[in-house]
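The chain that follows stands alone, in the form predicted alone, written as structure tokens.
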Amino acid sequence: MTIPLIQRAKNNETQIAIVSREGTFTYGDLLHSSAQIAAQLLHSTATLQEQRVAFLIPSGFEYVAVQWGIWRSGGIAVPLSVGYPRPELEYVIADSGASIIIAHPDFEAVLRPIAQERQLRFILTSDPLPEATELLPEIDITSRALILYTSGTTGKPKGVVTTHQNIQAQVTSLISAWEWTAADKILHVLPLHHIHGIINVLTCALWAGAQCHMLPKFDAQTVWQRLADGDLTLFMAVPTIYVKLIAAWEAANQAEQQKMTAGCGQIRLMVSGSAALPVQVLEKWQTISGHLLLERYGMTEIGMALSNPLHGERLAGYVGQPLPDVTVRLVDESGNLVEPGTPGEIQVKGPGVFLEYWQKPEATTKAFRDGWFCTGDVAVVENDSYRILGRQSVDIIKTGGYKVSALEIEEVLRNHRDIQDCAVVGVADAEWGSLVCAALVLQPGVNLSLEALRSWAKEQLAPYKVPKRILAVTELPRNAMGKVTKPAVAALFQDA
């Protein structure tokens, strides 16, 4: 069986698929290059049989060709983040049990030593590719396709496994709800180790036969130049990006502002997600662009579950109703359905829900109740629309569109020679959603500056996990059981 995404591309071979700094590429180019990469991976074997292939490639055509090549060879794609320091790259490679690493030459220096130490096969995107590609395996759509790492309350990120069938369900639900067509052109500015960038933008565009214009990284001036060109139809981003675009618009002169606003007028849909969108940001963006941003709700384990309507009233601060083929319910702590107006945990069922946490059967079992995935997020239904209230656990911080584990960051910070103990919390912030903040109990007679801590932490943690504020305390607030009380820690930062 051919993966449906690949089969659809064969119907659009002459159409433009990807526009990136490498050039302009058709669906035919993507099919040819991904077939070559698949043949290179197979290395005369019949199929990879769900071997994990970790890859680190900047956003662009090569990224997509490698992702498709992994899928066409029967492998499981494990995308790595361009922002990860070596310890986080090593963790994902080790936890996923990757047997092959593919790297852009920019990342050879960090990844080749890891491959050598672990005796893994190492491929550079600059390596010559085989010409013969006709003997690619048939792929069962129920086979595993993708492992994305997401932070959980247990500290270290868990690998979320989705099948080709799960991905197809996630994508077709959004294609239907947001009326994607082959005439669409979307600007891609999001990270490509995260479901928002991989599924909602890239894979939806390629499923629809549309054009995906990919930037290597987000830059407010570059994004505004592309928006002002007036040839795009879709744009999706996280609230932090909209905050930065607003600041860039406000810094522009009147003539530039008029051109920026006019360009937005050509776009049919603008979406915000991955973190709560502050109402003042939504209102300011509407003033600038003429667009009331469409907010939606989803997570790595389920794809997208809720969305404001493409047509019809969108409510500020709400994430709409269930998407096509997704069933959602709210339950209390006993698992009983709650009435409208009463908060409850969001539980989700549908063909887009993930298969398992990679090699964590107990965590997988714990995540489901009677076939429903328990999100750990609390919401309330008002005006027939869902409003997200936050996490059941205070140990998950949503910052700049990412979910990070406070427990994981604490474990790293405790390795600093000047830190006796610490507690990490999220503190509400208009730009980032939440700021990662750390209360520190320092060694006697020691002073530690924020700059010094951040410099050290950037060698251990992804940039978005590094604390943006610190506070030295003599002791951490604890309950009678000796457990740190996170709300009291957060209050210390609010008071400061």
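One rule holds for the numbers: they count along the sequence shown, beginning at 1. Keep in mind that this is a model prediction, so the values were computed, not measured.
Just so you know, the form predicted together with adenosine monophosphate exists too; it's not on screen, but the next bit is about it.
Novice: Using 4.5 Å between non-hydrogen atoms, is residue 329 touching adenosine monophosphate in the predicted complex?
Specialist: Residue 329: no contact with adenosine monophosphate in the predicted complex.
Novice: Heavy atom to heavy atom, is residue 275 within 4.5 Å of adenosine monophosphate in the predicted complex?
Specialist: Taking the distances in the predicted complex, the answer for residue 275 is yes, it comes within 4.5 Å of adenosine monophosphate.
Novice: Applying a 4.5 Å heavy atom distance criterion, does residue 391 contact adenosine monophosphate in the predicted complex?
Specialist: Flag for residue 391 set to yes.
Novice: With a cut-off of 4.5 Å between heavy atoms, is residue 297 one of the residues that contacts adenosine monophosphate in the predicted complex?
Specialist: Residue 297: yes, in contact with adenosine monophosphate in the predicted complex.
Novice: Among 184, 356, 377, 408, which has at least one heavy atom within 4.5 Å of adenosine monophosphate in the predicted complex?
Specialist: Looking at 184, 356, 377, 408 one by one, just 377 meets the 4.5 Å heavy-atom criterion.
Novice: Under a 4.5 angstroms heavy atom criterion, identify the one residue in 319, 189, 212, 423 near adenosine monophosphate in the predicted complex.
Specialist: It is 319 that has a heavy atom within 4.5 Å of the partner.
Novice: For the chain seen here without its partner, which of 190-198, 357-365, 76-84, 415-423 has a heavy atom within 4.5 Å of adenosine monophosphate in the predicted complex?
Specialist: Result for this chain: 190-198.
Novice: Closer or farther: the CA pair residue 395/residue 317 in the predicted complex, versus this form, with a change of 3 Å or more?
Specialist: They are closer; the C-alpha distance drops by 3 Å or more in the predicted complex.
Novice: Closer or farther: how do the Cα atoms of residue 395 and residue 297 compare in the predicted complex versus the shown form, where the change is at least 3 Å?
Specialist: Result: closer.
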